[in-house]
Each structure stands twice: as structure tokens, then as C-alpha cells.
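Just one chain is shown here, as C-alpha cells, and it is the form predicted alone.
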């Protein structure tokens, strides 16, 4: 039976409060130091009320991890899909990079929690989060594969390594970049320029390549 709209809206709002509180606490304290009681207190409710929505802390953290990745995935997918089919590979990849940055800091409680605690959570939690994580990786694999098929990527480039570097290096900015003291769009543009065009002048990498 479907819950009456008013009750369902209230339940949904309470669920969001729990998740928002949990994401902020995980970001600040890590996984092990956060209890269900602390999450309930931060959400402004009794500990027993949390069990109405979630069976365990592990279930909460899976959803926090999933939501952080899903927000970035949606932003990148929508921005890339909005480009014309004639868009050059640099524009497509650059748009994806900028969208990842914007979503990363727009949903910073969830994305920061994801970056901080992923290595701390139990194996079962990582396994439950894996499909969402793999889905985002597959989005970038598709973007890079299309660029390669169009002849825009140097054949020697390991696209999987590039994707790992791209996602990892952008996510790491959560640890040191303060959006109140700098411009996220400017940082995204600088990262895009480096990732797409490299560091060295043409010909400077000849000794390494040999």
C-alpha cells in the first residue's frame, strides 16, 4: 500500500536529514568514530527513529557513498549529453572534468565523506557500493573510448590509467582546496588544461619515450 502523501513526504524528509547528518559526521570524524546515536542527535531525532529508515550504520554509509558518486555521475553524464554530436574530444572531456569539479564541491558533504572513509568501511560496504562506483568509471571509459575511436587520443596512452588519474586527482582536491578562498571553475579549467595537454613542451619527452 502506498503511504499517504503527507506521511511519505515527512518520511522522505526525515530520511534526508539522517543522510545529511551522517555524511557531515563521516566527513568530519571518519567511519569508526560515528555511531547511530551520534547520527540521530545530529539529525535532531531519537536514536530509535533512525531504525525506522535504516537497519544499521552500514546501510546508512552505503547510501551516503552511493549518493556522493551518483551526484557526480549525473552531473557529468548530463553535461556531456547536452553537447552537440559534433563536439571535439577536448570539449567533451573538458566538459566532463568541469562538471565533476562542480558536483564534487556542490555536494561536498557526501563527496568528501566518500573520499575520506571509503578505505575505512567494511568489505561488505565497499562491495555494496561497487556497482555505483563501477558505473561512474564506465561512463568515463565510454567518453575516452569514443575520443580514441575518433583518433583524438595518442595510441600510447593507457586510457584506464588516465581515467584513474583523472578521477583520483580531482577527488583529492577535496582534501586541500577551499572553495571560499578560490574559484572552483578556475581550478577545474587548470586541471582540464593539464590533463588534456600535458606538462612538457612538444619534443621535450623524446628522451623518456626512447
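Just so it is clear, the structure is predicted and the values come from calculations on it, not from any experiment. Numbering follows the first chain given and starts at 1.
In what follows, reference is made to the form predicted in complex with another copy of the chain, a form of this protein that is not presented.
Checking 47, 172, 185, 150 for any heavy atom within 4.5 Å of another copy of the chain in the model of the complex turns up a single hit: 172. With respect to another copy of the chain in the model of the complex, the three residues 154, 161 and 164 uniformly fall within 4.5 angstroms at the level of their nearest heavy atom. Another copy of the chain in the model of the complex is approached by residue 30, whose closest heavy atom lies within 4.5 angstroms of it. Heavy atoms of residue 119 reach within 4.5 Å of another copy of the chain in the model of the complex, making it an interface residue.
Another copy of the chain in the model of the complex comes within 4.5 Å of no heavy atom belonging to residue 142. In the model of the complex, another copy of the chain lies within 4.5 Å of some heavy atom of residue 194.
Checking 142-150, 61-69, 31-39, 48-56 against another copy of the chain in the model of the complex, the stretch whose residues place heavy atoms within 4.5 Å of it is 31-39.
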